[in-house]
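Take a look at this single chain in structure tokens; it is the form predicted alone.
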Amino acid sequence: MDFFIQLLSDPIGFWNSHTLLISQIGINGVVATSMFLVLYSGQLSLAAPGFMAIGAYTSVLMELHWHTPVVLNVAVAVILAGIVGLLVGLPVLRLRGVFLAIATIGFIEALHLGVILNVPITGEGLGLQHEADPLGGVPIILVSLVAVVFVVWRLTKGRLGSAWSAIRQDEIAALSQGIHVARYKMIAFIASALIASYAGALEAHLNFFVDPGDSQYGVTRAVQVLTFAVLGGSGFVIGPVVGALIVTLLPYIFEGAGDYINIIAGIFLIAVIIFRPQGIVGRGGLAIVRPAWWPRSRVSAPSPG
């Protein structure tokens, strides 16, 4: 309760005392937008944490070993993630649905267990400590979130968005209309990789430490990012961002739950899925609607006069 009282009564003090939280909300929002892209194009990809790891480790390693400017480090990390996205996407995007999800989980686990935890240059299981410039802190992160959401929203309103929507609804029908399905799916996959790697670089420079744990770049983070989209709704670009906001704030919303926070959060997520299966942001706006099995009131047609 004190969290929300301070937010309403002392916004400036709230900003100063919760900069890390606000920054994490922004970073999670950027990652959620990368998830929106692949879902919007009909791909159940969970590769975002892997591309985040590429962005984080590449930018920090360049800083530590070559002492290059942080902006250049982030740019190189994003480009490298795009190249890796192309190489991974060539064989993986032949799969669909749950098979694609499993393949991308294999990618992030191979990267996490095979490289991050076993290669000396990445610090193995100890992570990387650095003293890089945090890219301007909260303002840059929030501006990045707005810019990424706007660009992705504009993409969905153009030719790319129309093709992605057609592929999501029916790949066979999209092919019959002359849409190059493989090409458009690859564009979405690579764009998602670029956004996720940028989020990873932002997060690494914000915390001054690259954490090799599973909660950062493993399956746990992949499930969290998917939760952003499921909770917020993947039908509109702002949906996963709203989901990221809520999931990040859950420990503060239920701050009195103590050790039971995970149980309370789980019940909350289940309730949203039951009563709002399309997500909080979806058809009908932000209103909570009745589930499909809930009795509906019958409206009688007027009798002829």
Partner chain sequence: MDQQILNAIFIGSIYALFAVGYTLVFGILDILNLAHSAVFMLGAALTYSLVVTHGQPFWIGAVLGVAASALIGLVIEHVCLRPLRRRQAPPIAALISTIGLALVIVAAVEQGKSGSLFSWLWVDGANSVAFPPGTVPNPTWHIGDLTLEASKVLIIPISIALMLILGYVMRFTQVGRGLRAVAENPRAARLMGLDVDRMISLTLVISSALGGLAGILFGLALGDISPYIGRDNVEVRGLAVIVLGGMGSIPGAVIGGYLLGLIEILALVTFGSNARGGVAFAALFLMLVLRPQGLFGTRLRERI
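Numbering follows the first chain given and starts at 1. Quantities reported herein were computed from a predicted structural model and do not represent experimental measurements.
Just so you know, the form predicted in complex with the partner chain exists too; it's not on screen, but the next bit is about it.
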What I'd like checked is whether 7, 209 and 216 together line the partner chain in the predicted complex, meaning each has a non-hydrogen atom within 4.5 Å of it. no
Should residue 260 be classed as touching the partner chain in the predicted complex when contacts are defined as heavy atoms within 4.5 Å? yes
Residue-level question: is residue 118 within 4.5 Å of the partner chain in the predicted complex, judged on heavy atoms? yes
My question is simply whether residue 96 lines the interface with the partner chain in the predicted complex - judged by any non-hydrogen atom within 4.5 Å. yes
Even though the partner isn't displayed, in the predicted complex is residue 142 close enough to the partner chain, meaning a heavy atom within 4.5 Å? no
Out of the stretches listed (145-153, 222-230, 196-204, 73-81), which one is close to the partner chain in the predicted complex, meaning heavy atoms within 4.5 Å? 222-230
Students should find that, of 103, 163, 128, 186, the residue having a non-hydrogen atom no more than 4.5 angstroms from the partner chain in the predicted complex is 103
The one option of 238, 269, 64, 249 with any heavy atom within 4.5 Å of the partner chain in the predicted complex is 269
Give, in sequence order, every residue of 102-116 that has a heavy atom within 4.5 Å of the partner chain in the predicted complex, or say none if there are no such residues. 102, 103, 105, 106, 107, 109, 110, 113, 114
